[in-house]
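This document starts with two versions of one protein chain, written out as structure tokens and named structure 1 and structure 2.
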Structure 1
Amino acid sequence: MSNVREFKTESKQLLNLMINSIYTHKEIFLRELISNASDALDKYHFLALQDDKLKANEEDEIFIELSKDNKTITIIDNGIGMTEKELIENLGTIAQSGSKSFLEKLADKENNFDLDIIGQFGVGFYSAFMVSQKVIVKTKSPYSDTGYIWESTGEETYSIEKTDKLTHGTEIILYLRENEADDEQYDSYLEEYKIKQLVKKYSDYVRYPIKMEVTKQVPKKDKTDEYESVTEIETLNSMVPIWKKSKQDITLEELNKFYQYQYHDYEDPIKAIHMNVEGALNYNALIFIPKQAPYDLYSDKYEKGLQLYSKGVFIQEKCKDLVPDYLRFLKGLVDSPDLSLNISREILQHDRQLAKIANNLEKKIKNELERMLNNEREKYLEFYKVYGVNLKYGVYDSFGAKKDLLKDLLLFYSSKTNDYTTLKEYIERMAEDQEFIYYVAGQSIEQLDKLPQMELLKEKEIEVLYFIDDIDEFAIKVLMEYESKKFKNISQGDLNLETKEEQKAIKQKEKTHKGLINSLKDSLKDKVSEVKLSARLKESAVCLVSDDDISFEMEKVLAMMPGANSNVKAKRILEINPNHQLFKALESVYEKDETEIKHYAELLYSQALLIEGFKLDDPIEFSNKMCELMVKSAK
């Protein structure tokens, strides 16, 4: 005889909220019901160990049945089941969590049983009403002489009646809603491929086998060119997550295969990092560094984050709080039983546990990169050429908050070794009396190696680091120094590397040619802040340097930024080699006709701009002046 009951008032309100608001995706219903079935199996398995009256299951399993004729999905488990009282408490009163209550009772007992109860709030069952017009639950507890049927349309009432069900466990039957025009197609959940897809996505690592009868096409006997349909029972989930295995039990081939399948990559990752942390906070993590960066890695559309699992159940595709921006290229997952999930189990509440996991992951990844740098240099170089700019961004970001964490991972191309070097290695090679770590910034190693500013450093055999990424100088400005050695751009300010005799000779020449220098400066007064004779030039005739504030490369980078201020420019200083034949030619022109110096000054300045990679304001005028002076010199 049916026993009709009303949901409690607050339960009605919560049920309505559950069906219409809490869950973002309706497909989540299958995850919740499978998780509940897994909980029921856990409970039975545990109680069977404690109670001799309960016989262990021959096989623990969760079974899914589809009926297109009846438009039903049935989820069956041989777990603990429910008594009539438990049905009323757990299904008649929303948020009366059987799982939570069970765990609270266990907390008072000493046991070593590994029990991963997934449900925490007792509301997951009601997600079934998002896709169902009616739900029937057939259940029997081993502690009850009879089974019961619970039935509801998810509105005002539910009913409970007895059944002759003989075996313990629960059977949930969902009668699907009618399709909605141009909206939800509920009958898609009756397709085998759809159920397989959802199980793989959300419940692949539930510890018990999830089975379903599937249809397959197989060759007919003795007729290899003809096929027939057969049905067979198939296990849909993997059950044991690779990340929960011990490191020694996982081969590199298995890790690579998992990565390629899980993250849709055709190449093996550069590195796989496996973590199994136990303590105040428990979690497993499997992190991969892809060989190639995603094409949109630096676009606004790229979404960083690691996959998030709780006890093997998929929670979130991209948990962005687990990785800092500079590690946005990482792929992988974190699985923890200790995270505080919200009521829908879809998103994570922001708490200290998550922040702690993120902090631990960052340190672990940093240590792994450092180990790779020290022990697998070629592999680290492969990584760095793809993602080195991200580490530099990490140094620069948040006003250098992580500069000490990352500074030893940085590499720069060296003029001395003709290869990439760390800052530590540079320091170890420095002469005892060398004051600075010297660098030069530009667009390519080849271009920087040919710069006139390099001539003095090469002559004195001083190592120079080549900065070719836009972020380099900004990161170094934040870093400021390394092991008490400050950084110095060889294209900024005075280098003070000359001997006293060389300094004295330059000053004497500046005094001798003061008139010519002032004339050149007057000719370029709107373009340069100073014209001076150079101590750094040995073979080249001219170069352009800036003061110690903003460098030319920083000016270029700032100019490319959205909303750039065109007034942010480096101060230009034109340096001329007093020992070059061109300077002697300038002396001759100045002595003959001082007014002609203006044309030569503009040509020298344009030449220096081109060397620095700047565009000329008027290249046609430059070309005409070159031709004009060439004609004059030919007469």
Structure 2
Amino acid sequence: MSNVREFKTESKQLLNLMINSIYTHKEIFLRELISNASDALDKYHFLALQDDKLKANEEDEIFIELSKDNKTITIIDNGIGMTEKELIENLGTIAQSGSKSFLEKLADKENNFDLDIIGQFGVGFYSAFMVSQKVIVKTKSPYSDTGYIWESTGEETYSIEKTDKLTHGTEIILYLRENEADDEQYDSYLEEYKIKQLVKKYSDYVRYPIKMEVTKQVPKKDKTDEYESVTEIETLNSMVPIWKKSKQDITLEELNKFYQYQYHDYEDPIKAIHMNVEGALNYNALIFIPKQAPYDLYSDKYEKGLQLYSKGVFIQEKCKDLVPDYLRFLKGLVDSPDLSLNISREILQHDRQLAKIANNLEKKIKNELERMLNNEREKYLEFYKVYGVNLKYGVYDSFGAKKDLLKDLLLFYSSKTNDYTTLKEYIERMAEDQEFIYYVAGQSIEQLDKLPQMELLKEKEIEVLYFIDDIDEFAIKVLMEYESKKFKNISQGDLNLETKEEQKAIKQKEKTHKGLINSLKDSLKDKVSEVKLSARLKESAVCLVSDDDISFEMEKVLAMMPGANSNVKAKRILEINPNHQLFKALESVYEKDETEIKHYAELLYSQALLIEGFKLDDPIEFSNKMCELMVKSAK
């Protein structure tokens, strides 16, 4: 028969892949056919506006019909339809140039190409063959006198014949495959609930009504306890996505309700952000910050990402390329007409477009957070307490690529205001001659506030930032400075905050007590790099400090990393307060019996370690020595 034609080679390849179920989410066939129907309605609309001969549809609609008897699903639209030529061009070939390389990539298994990507970007009409043994397309274009019927089993050939279809539009009849034992149950697609569910999942926001005859159980008249089945036509999709509405047409309440429903939360989000971006880039986005961080936010299993839609058609549940790692806690969606559902274009192009959207989105979210910080401080604090660590991680990540973007969003607890402060606020408060932004790192604010190293800074009324997250010091090392002020850990190196006289006095004392200090040094020579008289201690007797390289907290964090190198250690410098009673006690011990000093040295060092939150190598030895000393002093 002359009306039997062969598919073009590329189409054959794609069909082959479809039929041999390369792709597991077969259910997307419905999304693809509905999208085509919606496009066809768009086209008809557009032409009817320009061409007087075309009458506008009374109602644009997409119809789904299920027949259990025939095992068919039919998708009907009153869109543009196809002429015979279009049928051959559109359903017999993949015209676009990109498809070939796409197919090559697909075929090249070693390339490790992710087959699931098809599901994300659409496979079009041929996906019908994933679930069908035969597909019939009845179609009529308003520009052709007759309709045509296209038929294929998806193998080598298809046929086209005339048909008496009178109205413009397309009817696609899928003859479902036989069920596969223990595998795909194709007849599940004949269930109303299944179709309803698929339309909700993938096509809820298609802007034309998707209708289907549904069966309902209603109480019989006058008999409330007996039911009968009735059928009625139902529109399955909600059509207008709330993110497409303009900002003034949508209330916060609506946004919050949508969030709770869509993302299964029982609380409102801390923040709901609605974006309509138009211009060089086009997209709508709804972004939410959940009140509680997901319990697995920091586990490897957690999947970040936003839902991706294109023109209201759902593409992907978690598009991870839309958000950087440090914003992994965001929930929401992006809908952009710039993303085509057609694989016939190169995937790379999607990636580029997606990257542009992601970039733009990141900046907008940053601005939104900044606005929250400036105008809704309480709310920002609530946000920061849950997610601040992520922002600090953002500063640290990629060698500080994002540090300038994020540095003004950081908050740290301040010794002066007893509240969280920005770096800018710190700078504004500091004395003109102050050289550094001071910080101290440890496990809790309470612990840091009592730290011996704080004594001098408190006396001099110098503000100190308390770092209690593991990431803090690492982030600050990457940041290096803020408004040309460098950061300085008050437990590292010399602070040089004392007056000349104070310095002189310490030097003098060190000279006078050289013997004692050397004796302490000797006793601890395997443990500390130095024993010094302290300029920073006011009340306490001892403390441990490190040099300017790596701090104790960094050492601890690094030691916890997988595959940690235990050689990375902060230097240990033992500082003793020369004005403390204890120092006098040491002097007298030293004068009476120099050999006793080594016990005192051990005890002092152990105490200094404990203050810094380190574990003792030998806590039993420490306890024994303490007891010995207590017994001695009671005598």
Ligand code: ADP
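Residue numbering: sequential along structure 1, first residue numbered 1. Everything numeric here is computed off the predicted structure, so don't read it as measured data. By rigid core we mean the largest C-alpha set that fits within 1.5 Å across both forms.
Q: Mark the structure, either 1 or 2, that is the form predicted on its own.
A: The form predicted on its own is the one given as structure 1; the other form is structure 2.
Q: Hey, with one rigid portion rotating against the other between structures 1 and 2, which of K504, K521, V240, K356 would you call the hinge?
A: Among K504, K521, V240, K356, only V240 lies at a hinge between structures 1 and 2.
Q: Angle of the smaller rigid domain relative to the larger one between structures 1 and 2, in °, please.
A: When the larger parts are aligned, the smaller part is off by a rotation of 9 degrees.
Q: Could you tell me how many Å the Cα atom of L176 shifts between structures 1 and 2 when the rigid core is held superposed?
A: After core superposition, the C-alpha of L176 moves 3.0 Å between structures 1 and 2.
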